[in-house]
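We begin with a single chain expressed as structure tokens, specifically the form predicted on its own.
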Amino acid sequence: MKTKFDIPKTVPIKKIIVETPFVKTFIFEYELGARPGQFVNLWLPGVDEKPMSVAYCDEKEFWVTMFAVGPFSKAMHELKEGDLVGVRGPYGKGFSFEKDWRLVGMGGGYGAAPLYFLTVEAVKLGCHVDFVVGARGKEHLLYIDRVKKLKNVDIHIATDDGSVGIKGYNTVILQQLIEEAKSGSSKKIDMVYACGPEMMMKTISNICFEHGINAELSVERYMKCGFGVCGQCSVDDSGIRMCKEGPVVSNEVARKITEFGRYHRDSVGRVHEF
């Protein structure tokens, strides 16, 4: 029997927010019921259907933040408020967190958007969040102003050109936070979360492994069905389906994925190295 998760629901775009010259946030007035870390499939008839991370969700609406890089996302950027988009989901395994934890969210590029959703929900449970973002420059930073409005959140920024925050990678900030926690000058870190370029996440994986800190990583792969049937997003050598057992996996699981941080496969299974 088909369910609402299998058949696209036609939903109008309620609002479009221009984040940067390259990024837009699409707000849909639809009760998706997603959890932080999950994704939704968006469908444009005659164009394509693509999985997109959920940047925010409540009882009335959900957000998707999108960089215009390919045919689908560029077509989305041409849409206007009121235009219709097919929606399926939510799908996948999301982030896990508990009351009063200290969390470190590591966002690279537009990976900051789904970490915003995590941060919103975590602070409701009394968690303290270190929101760490990295970008090429000031003009590529996302969600900073929204995060500043949240309680119990410290923002840390790294940019390649040094236009905001430290000059360099956000993983340098992670190292500093870990060292402070280990020295006792700050609270113990309960979990590190990462969403963004895979090579960034591989570095985060190594850092957390070396220091014995729990981490969860959002590992993207080419997804088609979204609910574990087609096998397109299965990874070497475990065969884990990233749309079902992922996209969020523990660091222990990520480190067992042979291709993690090395290569990924395209729509026909060809290997593409990072």
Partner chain sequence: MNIKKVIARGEGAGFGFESFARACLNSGDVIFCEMVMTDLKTEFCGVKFENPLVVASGVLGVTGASLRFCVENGAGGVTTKSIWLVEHKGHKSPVIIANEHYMLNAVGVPDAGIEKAKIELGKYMKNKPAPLIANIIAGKVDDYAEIAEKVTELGPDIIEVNISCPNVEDELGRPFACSRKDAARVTEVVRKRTKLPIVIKLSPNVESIVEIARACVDAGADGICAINTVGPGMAIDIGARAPILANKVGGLSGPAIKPLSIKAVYDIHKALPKVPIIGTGGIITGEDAIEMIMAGATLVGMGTAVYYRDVKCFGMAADEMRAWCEKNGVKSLDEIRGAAHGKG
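Positions refer to the first chain, counted from 1. Just so it is clear, the model here is predicted, and its values are computed rather than measured.
Quick note: we don't show the form predicted in complex with the partner chain, though the next part is all about it.
- Using a 4.5 angstroms limit between non-hydrogen atoms, E49 touches the partner chain in the predicted bound form.
- Using a 4.5 Å cutoff between non-hydrogen atoms, D236 counts as a contact of the partner chain in the predicted bound form.
- Taking the partner from elsewhere, S250 is found to have every heavy atom lying beyond 4.5 Å of the partner chain in the predicted bound form.
- Heavy atoms of A68 never reach within 4.5 Å of the partner chain in the predicted bound form, leaving it off the interface.
- The stretch among 24-32, 237-245, 209-217, 56-64 whose residues place heavy atoms within 4.5 Å of the partner chain in the predicted bound form is 237-245.
- Every residue of the trio P8, F227 and Y263 has some heavy atom no more than 4.5 Å from the partner chain in the predicted bound form.
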